[in-house]
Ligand SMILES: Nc1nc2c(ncn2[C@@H]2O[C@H](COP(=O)(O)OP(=O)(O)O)[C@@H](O)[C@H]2O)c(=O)[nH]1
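Shown here is one chain on its own, the form predicted alone, set out as structure tokens.
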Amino acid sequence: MVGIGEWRVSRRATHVDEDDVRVRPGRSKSRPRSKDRPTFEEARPGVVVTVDRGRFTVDTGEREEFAVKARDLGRKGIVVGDRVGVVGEAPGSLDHPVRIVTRDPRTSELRRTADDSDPVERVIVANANQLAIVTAIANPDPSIGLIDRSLVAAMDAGIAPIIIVTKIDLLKPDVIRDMYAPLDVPVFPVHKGAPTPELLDTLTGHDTVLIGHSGVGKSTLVNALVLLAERTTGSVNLTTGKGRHTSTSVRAFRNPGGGHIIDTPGIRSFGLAHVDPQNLVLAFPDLAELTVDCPRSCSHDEPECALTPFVDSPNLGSRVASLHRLLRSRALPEDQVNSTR
């Protein structure tokens, strides 16, 4: 079994972002007066906590300030979780915002595509080191497809995953715990939105992203973790069995114990077009060692794969089966992945 700590090592997938693109400058009648570029040594450090139509809210430690992106950043995108430097008269307000002039290198990027055919990747959150997948055990029923796809995205980004199961007053969470035991992913039951001491300890000191379908109790949990969060809560539609969207934007809150709690809007799908299957097996170091004899371009889910002889192994069989399920979750629509029922 592989401990979750081994997933905490940052292992970003190879991809091209805006920093890697060279843009040829257009013709201009005027030239810069100097080749010297400002270093912005006086910039105040902060963390981006919200993004709204080109406006940003930056937590600078003493306060939250409104900001805009300066031209000096060029094509660099800014998302929630980015560590930035701001200049301007504090505190930045809507009428007199400060300017974001630097962005530190990202340690991780949680990315998704709109669907599996969309080639455009979207960074949801930067610099998170933990992903909490929130699912209800009932009302609505657990979406194994979303859980599996979220695990794939976390492993691809080098982010440690955990699972939080809500509404355990309706049904015991054993089925979720048993299903993900071979992956050694911690599962934390939550009764009526009240986090357990074990969950609080796991969140302390980490930048944790919470994702889940609408109606699973994610906003209720955020309000319990951060007393001043005031996230709007909703209910499940009795006809469709689906939740109503309440959170409409990504928002990072300071965790009273250290780190950040990052809430995201309820999502209906998690596209994985950007994930390379070859990277997924690296989240299973014990299995990755066995794939050195795989055929070239092996999908790790075919008869010729070096893992096939271990499918019935008493020690590794459940691990191989879990890897195969995650690999197949990339190709299957979310609602076709086996449910818990």
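Residue positions are given as counts along the sequence shown, with the first one as 1. Quantities reported herein were computed from a predicted structural model and do not represent experimental measurements.
Omitted here: the form predicted in complex with this ligand. The next part is about that form.
When contacts are judged by a 4.5 Å heavy atom cut-off, T220 counts as touching this ligand in the model of the complex. Taking the partner from elsewhere, G81 is found to have every heavy atom lying beyond 4.5 Å of this ligand in the model of the complex.
For the chain shown alone, P142 is not a contact residue for this ligand in the model of the complex, no non-hydrogen atom being within 4.5 angstroms. For V216, a non-hydrogen atom is located within 4.5 Å of this ligand in the model of the complex, even though that partner is not displayed.
Figure note: of the listed segments 180-188, 92-100, 167-175, 125-133, the one touching this ligand in the model of the complex, with heavy atoms no more than 4.5 Å away, is 167-175. Listed residues G77, G193, G85, G158 were compared with this ligand in the model of the complex; G193 is the one with a heavy atom within 4.5 Å.
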